[in-house]
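Read the single chain below, which is given as structure tokens and is the form predicted alone.
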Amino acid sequence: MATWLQGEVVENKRWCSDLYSLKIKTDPLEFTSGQFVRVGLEIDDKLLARPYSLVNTPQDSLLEIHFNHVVEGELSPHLAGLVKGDALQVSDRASGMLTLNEVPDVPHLWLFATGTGIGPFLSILNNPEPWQRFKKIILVYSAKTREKLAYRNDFDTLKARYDEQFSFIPFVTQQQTPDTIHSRITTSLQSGELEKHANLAISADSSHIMLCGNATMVSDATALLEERGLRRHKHSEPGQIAIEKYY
């Protein structure tokens, strides 16, 4: 049986019409950057819970989740309506293998995110470990519109701090906007344009790729990478591709 921590909303940030982030105060929770927890609310005398990746680092005092408000959803409309001081439940254990301790020692770490799949990568990138381990980190982040590219200030800060070590490549699929690529990640990956933008090649010898977000992107990108000789990472058979599907 799952056990739960009592949580209290500290902040509810609305990025745009249907995109939110919650900061939550709980008792201390041990986790590794890249993992997720279950977050729940009492609705009609029943605890309804869903998994959400943690945006914060393990050193932060508050938990943070990033989510879409799905109008027909059972839980997300209620989460979107929470205000400071409201109560909710958080599982007392984190799960998931989208973590750096699953990544072998290679020079280049590629992170592909769509939508709210950016959450676990924020937790990873705001730790010192990746910057000590990898020669180059390339974050590829796609959203439907520019306003849905959340946490842009965080990436500007990382770029200013790590400069040549960090490449940030934003994609917007339903608008043409300055300083973004109007394409899908998988289209750019298949054509070779993504690697041209990064000025770096993806290879089985030098790269590890972490994929998080839309299930179609994750599946299609995995297939394209497998065609080039990369394979899914498993405990029993180490590979170059780690995935987390959201929707």
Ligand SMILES: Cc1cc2nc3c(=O)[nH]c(=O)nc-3n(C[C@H](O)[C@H](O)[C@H](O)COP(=O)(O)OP(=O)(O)OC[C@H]3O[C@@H](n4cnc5c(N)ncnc54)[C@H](O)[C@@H]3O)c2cc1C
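None of the values given here were measured: they were computed from a predicted structure. Numbering starts at 1 and follows the sequence shown.
Here the subject shifts to the form predicted in complex with this ligand, a form of this protein not shown in this document.
With this ligand left out of view, which of 75, 169, 137, 82 would have a heavy atom within 4.5 Å of it in the predicted complex? Exactly one listed residue reaches within 4.5 Å, namely 75.
Residue-level contact is defined here as any heavy atom of the residue lying within 4.5 Å of this ligand in the predicted complex; does residue 40 satisfy this criterion? Outside the cut-off, so no.
Does any part of residue 32 reach within 4.5 Å of this ligand in the predicted complex? Heavy atoms only, please. Close contact is absent here: in the predicted complex, residue 32 is far from this ligand, nothing within 4.5 Å, heavy atoms only.
Is residue 47 close enough to this ligand in the predicted complex to count, meaning some heavy atom within 4.5 Å? No, no contact at 4.5 Å.
In the predicted complex, does residue 123 come within 4.5 Å of this ligand, counting heavy atoms only? Flag for residue 123 set to no.
When this ligand is placed as it is in the predicted complex, which of 23-31, 202-210, 189-197, 64-72 ends up with heavy atoms within 4.5 Å of it? Contact criterion met by 64-72 only.
Give, in sequence order, every residue of 226-247 that has a heavy atom within 4.5 Å of this ligand in the predicted complex, or say none if there are no such residues. Contacting residues: 244, 245, 246, 247.
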